[in-house]
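Take a look at this single chain in structure tokens; it is the form predicted alone.
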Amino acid sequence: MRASLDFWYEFASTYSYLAAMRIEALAREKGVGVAWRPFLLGPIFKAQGWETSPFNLFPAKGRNMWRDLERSCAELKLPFRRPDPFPQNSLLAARVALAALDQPWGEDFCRALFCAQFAEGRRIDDAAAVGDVLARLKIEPQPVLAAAQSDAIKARLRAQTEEAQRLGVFGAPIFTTADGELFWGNDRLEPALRWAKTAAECR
């Protein structure tokens, strides 16, 4: 049985940007299949009594995160531009991503949208900006944007966010394995891939 990993990510999440840009090559090297699972952190934060990111609620934590992100992007040779505002409303992005992931270019779109936000400073809640990302991939924007507003996609995003809550997801990125292990954070990607590989070999 092939090893697999679920990649739970939120488009407004800084460390999800890093993980999204790293996971494909690392998973291929390990022989692990990855399921991209966009979801919304907003409802999860609200359940904990938070109205915004903990990086905004706790200034010292936020300052450290931004500096750490600068260092990490420099090390990975990834461009970085701090988004304004932070966090951005990711509802549109997540809906479009679900529609895109039904297509072979879906993962490319997700990476490109992360870059638009964290490398170019674009607004991911702006349909025109999201459409530009699709157009760069040579995808006609309007059919995808229309599909993202369908009742089916809206229901899938709600269900996916509810599944994340059921699994105990509390931040992003989070990686979950077929045997129920949960790994939190970009820096836990490599251990998550190793665990998924070993667990599959033992089945």
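These numbers were taken from a predicted model, which means no experiment stands behind them. Note that residue numbering begins at 1 and tracks the sequence as displayed.
Heads up, the form predicted together with another copy of the chain isn't pictured, but that's what we're talking about next.
Interface residue among K46, K61, R136, R158 relative to another copy of the chain in the predicted bound form, by the heavy atom within 4.5 Å criterion: K61. Of the candidate stretches 147-155, 22-30, 35-43, 66-74, only 66-74 has residues whose heavy atoms lie within 4.5 Å of another copy of the chain in the predicted bound form. Annotation: in the predicted bound form, residues W8, A112 and R123 none come within 4.5 Å of another copy of the chain through any heavy atom. Taking the partner from elsewhere, L182 is found to have a heavy atom lying within 4.5 Å of another copy of the chain in the predicted bound form.
Although the partner is absent here, P143 sits far enough away that none of its heavy atoms falls within 4.5 Å of another copy of the chain in the predicted bound form. Taking another copy of the chain as it sits in the predicted bound form, the stretch 163-180 comes within 4.5 angstroms of it through a non-hydrogen atom at G168, F170.
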